[in-house]
Each structure stands twice: as structure tokens, then as C-alpha cells.
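Single chain ahead, by itself, as C-alpha cells, in the form predicted on its own.
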């Protein structure tokens, strides 16, 4: 028994694709079979080796390891290989060509020399006659065909489609029959010499021994074409199971364009006609603004979003990884988006899924990707982590996505920050995103201009500025700079000068050294920054002029 996941390497792994891979992996494990990863890169315009590598990392991060496929190794993870290599379709052209030549020789396929203009004319006629477009087969004599080939005339290879109904038997959706005449003579090999997706996928599924094809419902109509190719080649038919599509809560399809729409809306709100520095090139930004069909590359969009202080919706697996979601949480949540374990069970791990997955419990209805529920799952999982494991996972996350923290903080500082952040963090990213003040130069720190800040710093005496001025020499006199010493000093000052209300002193201190009203407990915050930075930032805050801000 073999399943496969066969992505096209045209970008990062979409969560819908990740769920497809997950179900194929779990089903193979449940049935004692093998899981194949194959890269469908016959579309040269949309494929790149770099994108393929991204897919491999995404799958490995989720724990979806393939038995056969491209070889991959990272840390303690190693997978791939197999007797059916190569697993990149672009490297299998000789195999495809041999079978295409056989179909030609058997009269089951033919060369078509239609020009783009001729095909467009067929489409126009169909539209004028208010009928669906069907390719109209043209017959040419052998001599004309030989002449066109000698001239190097571009052509495609088309399948001779029998005029008979095709019945699809699907393990999830049931049976469906495509009436005779609904499928025209479709292309098997493109003019560039590469096979179409339809032909390559059928050949590879047969030669790699795939017995079960689990894929998205959007491929359901393709299945009839694949069955016709199987019949023409004398291949067996695998079991098909088509999975429901994942939608946003509002019913729209989850798409990378969601990010683009979010960015464009922010740019419009701000009235920007030029990009912020070090984000996107001016010419590129102008072209993007002028054409709604242009989308920024991921790194460009990420830099622009950071500069504009806007959060982009997570669409791809890498987005969720960057946002600090735990892989086991994403696996759990994706499984629930299209499969039911029964008994109202919601929390389970990958091992449970592999032990219990079955096609009978795959849902037919579209799944709604509830981000609030996913975040709630992640909060519960992070809170349940032992402190040491949270610190280590945060360290790995910081190394990958926030290297500036790892460069500027000592191991002791980092551990203190994470210990202080564990109970208040919803994701692994929040300790970094919410504590940028730690890696900001003292002279570059800026203070929020908000009502809570002004309220904490100004007003009747003694106000926040007064307490800053009073507590500064107390902190300056400390010979030991650690959490207990700082806590004793601040608490003692509050007892003598703020009616024992530590918050009256802590909040002005927090604002002075972080720029805002949110940070870890004040004693941890001051200990993290170090005495020199704290005193320097307090001095700057005292010179700020809060009444005018």
C-alpha cells in the first residue's frame, strides 16, 4: 500500500497542501504502507529548486517524513531515497517520452499543430454559440504532418478521447459519471516538450506503485482524464479519495492573495506613494501599486509589513512557523479541518492520528479555518510545556527568525527573558515581537504617544516623572544588579514615597526603559536591560518633556 504527496514547487507549502500530505502520511502509517514525496515540476515557469527545498523543510518541521522521495537531512532528521528515483518529474522525461511514443504508434494520441490564434478562434465561436468550449479535432494527412515536423512547427500531443461516459468511484465523495462528449482531446505533451500534469501524474503513480490517491476536491474533475490515460496505457486504477477544501471563516478560499490585500489596504489607509526605507525598491513598489495582479515576493512583503506595523494573515506552513505556532498544534488543528476522530475528541498528537486515521471519517463538507481556535490550541500547548522545553524551543525560534536577540543577549539574559515570558506568551514569537526594546539602542528608544502613557507619567505631583526622578538614585546606588536586589529597592522606594503602591513606580519605570506600558515584571525588565542601559534610558525619559508629548 502506497500513498503520495506531489506538490508543484511554485512557492511555500500552503496549509491545504500540508493537510493533504498529513492525511496521506497518516493513512500510510495506519495501513502499514509507504508514503512517497514527489515533486511535480514539469511547469518550468512556476518551478524552482529553492521552492522545493522549502517544501521539504516545511514537511519535516511538521513531522511528516517521507519513505521515498528526494533525500533530505537536517539535524537529527533524515528521510528520502527509494528505488523509483528520480522523484523530480523534470528528470523523468525519457520515461514519459517512451510512453507517449507508444500511444502515438498505437493511434491513441496524435500531434496537433493548432496555433494560439486558431485555438482562440475556436473559443470565440463557442462563446458566440453559447456552448462550452470543446477542442475540435483536426485531421491532417501523413505527408503534411511530416512537412510540418521538418519545418520545426510547434505542436502538442493530444489524447484520442473515446466518446463514452466515465464513472469516477471516490472513497470519500462516492460515484459520479461524466457524460460522453464532455471531455475533449486534451493535451498530453506541451509544445515545450514537457508532459502535462495529467500525463506525468498518471505515469508516476503507476510506476511508483501508488495504490491510494488522496488529494483536494479541486482535482476531482481531473480524475476522469487520468482514468482515460490509464485505460489508454493499460494501467491499473488506484483508489481515489478527494478531500474538502479549506476556507476562511467568511467562506473565501485561503490564498496568498490574502496577504497582498492586507498590505494594499494598509498602504491605502496611510496614503503611501513611496516605500519605507529598506523594504521594497521604489520602482518595484510603484509597479505593485499600479497593478493589482502583481504580488510582492515573500521577503519584500514581510519587510514592508514590519515597516508598516501590520500583521499579515498566515497562509503557508512557514507563516505559522514564523508566527511561533508549535508544529504539533498545527498538525492537530489541520487534522480536525477535514477529519473527525469521533467522541468529541479535539486534542491529539500525530501518533494518535496515524493510529486511528481512516477514510470513513474524512468529512465531505468544506472546512473552516478558525484562527481563534488554532491560537487557543497553541496557548494551551505552550502553557503545558515544561519551562526548560519552552526556553529551548524559544531559543531555536529566535535563532531562526530573531538573530538580533541571540547576538545581543547573554545566555543568562535570554533565559531570564523566557522565564518571565512563558506564562504570558501565546506563541513562540511573542517574547521577541513584544520585547523589541531589548535590542533597541538606548539613544534610539522612542516612547508611545498614548493616553495610558501620558496618564502614567503626568498629572498631579507626585506623578510618574517625579517617581522616576526619585527612584533613579536608589537604583544607581545598587551594587548588585539582579532581580532580588532590584525588587527590594523598588518596593522600598514605593513604601516610602508611593503609599506602598508599587505600580505607581513600576509603570513609569517600564515606560522609561521600554517605551510602552507592556513588558515582563518590572524587576525582570530592569535586570534584563542591565544597570547602565536602565540609568541611561531613565535620564533620557526625564528630559523628554511629557506634558508636550
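Each form is matched to the other, and the largest set of C-alpha atoms that superpose within 1.5 Å is called the rigid core. Positions refer to the first chain, counted from 1. Not measured: the values here are computed from a predicted model.
There is another form of this protein, the form predicted in complex with the RNA, and it is not shown here; the text below is about that form.
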- Can you work out whether the RNA is within 4.5 angstroms of a heavy atom in all three of 8, 176 and 343 in the model of the complex? yes
Answer key: of 217, 138, 311, 458, within 4.5 Å of the RNA in the model of the complex (heavy atoms) is 217
None of 293, 163, 449, 365 but one has a heavy atom within 4.5 Å of the RNA in the model of the complex; the exception is 365
Here the chain appears without its partner; judged in the model of the complex, the stretch of 348 to 356, 398 to 406, 274 to 282, 369 to 377 with heavy atoms within 4.5 Å of the RNA is 369 to 377
Is residue 506 part of the interface with the RNA in the model of the complex - any heavy atom within 4.5 Å?
yes
Against the RNA in the model of the complex, would residue 190 count as a contact residue? Criterion: heavy atoms within 4.5 Å. yes
- Query: Hey, in the model of the complex, does residue 197 get a heavy atom within 4.5 angstroms of the RNA?
  - Reply: yes
* Asked: If you check in the model of the complex, is residue 235 within 4.5 Å of the RNA, heavy atoms only?
  -> no
Those residues of 515 to 530 with a non-hydrogen atom no more than 4.5 Å from the RNA in the model of the complex are 517, 518, 519, 520, 521, 522, 523
* Rigid core fitted, then: does residue 65 show a CA shift of 2 angstroms or greater between this form and the one not shown? -> no
Q.
Tell me whether residue 517 is among the residues that move between this form and the one not shown (Cα shift of 2 angstroms or more, core superposed).
A. no
If you line up the core, does residue 26 shift 2 angstroms or more at its C-alpha between this form and the one not shown?
no
